[in-house]
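Just one chain follows, in the form predicted alone, and it is written as structure tokens.
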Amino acid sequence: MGEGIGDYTRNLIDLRRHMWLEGVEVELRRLIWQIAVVGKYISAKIHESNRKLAGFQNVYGEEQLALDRISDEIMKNKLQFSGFVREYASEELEDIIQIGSGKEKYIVTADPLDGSSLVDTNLAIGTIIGIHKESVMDCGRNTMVAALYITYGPLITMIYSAGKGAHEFVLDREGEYILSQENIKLKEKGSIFSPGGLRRDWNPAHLKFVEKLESDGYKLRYSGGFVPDINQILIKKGGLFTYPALKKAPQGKLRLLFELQPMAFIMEQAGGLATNGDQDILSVKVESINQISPIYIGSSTEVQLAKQMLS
């Protein structure tokens, strides 16, 4: 079925038609669609997975599941021949690589399988993508033109933004991504929080912040997976995820380029905020592809409170 064709109502609309109606430029919507299709291949590999480790470590010293490596290869190979991507950066690779002719319009950053350590426990995991027009080094809101993530759980869902709101799609039995929620908007204040890191390793300011949330009655919701925890905040329309600076890890744990920037882009499009406690995440200068950062991301009230208590 071609773009813009089909017997749809506004309440039953697929990803391609939605992007066409939103006025997303042709090359960008085709790229987003191709990445969404890659999600189907990765989902199939997850279901085939036997959980065995590949016997390698990634650039962060973490053991890689065979599934991590396969997912990265699928993503890289599909984008290499897309005609739209000139450079590809992944947390499974040591450096940015050229995968096109060098004349293509976009640069893609990927966490092909975020939360892969949760596969053996059958918890939700996901794929995180950032799409840029200019160099990802020192990138921010002026170079990121779109972001998306796919959640592999009881349902396969995708939330994307091309700078015109954040929209959720569900993969149906026919293999189509069908619009589920359009223009997701967070409440100014939520009621759940997801705090990463061990309590004993938190610094005093962060501990006081968490104790404030606890005293205000926030419910603890933490899976250990970045994608499902962010997805929960967006779908529940409010709350906070944080992985803070720790005593032994003052820059936190999560990757600025592959995880935090795309999620910050989406969260801001939903009316939320994202900060490292000092700067907005999308304003932080990228000096290394494996740069990490603390993160406070979610509803505006909680993020502003974090900035006040950490300053």
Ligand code: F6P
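Residue numbers here begin at 1 and follow the sequence given. Just so it is clear, the structure is predicted and the values come from calculations on it, not from any experiment.
Not pictured, yet referred to below: the form predicted in complex with this ligand.
Among 216-224, 178-186, 203-211, 72-80, the region lying within 4.5 Å of this ligand in the model of the complex by heavy atom distance: Stretch 216-224 is the one.
Close approach of Tyr243 to this ligand in the model of the complex, 4.5 Å, heavy atom: It does: once this ligand is placed as it appears in the model of the complex, Tyr243 has a heavy atom within 4.5 Å of it.
Partner contact for Arg29 in the model of the complex: this ligand, 4.5 angstroms, heavy atom: Looking in the model of the complex, residue contacts with this ligand do not include Arg29, since no heavy atom lies within 4.5 Å.
Any non-hydrogen atom of Asp68 within 4.5 angstroms of this ligand in the model of the complex: No, Asp68 is distant from the partner.
This ligand contact in the model of the complex: Gly190, any heavy atom under 4.5 Å: No, Gly190 stays farther than 4.5 Å from this ligand in the model of the complex.
Sole residue of Val38, Ala270, Leu254, Leu282 within 4.5 Å of this ligand in the model of the complex, by heavy atom: In short, Leu254.
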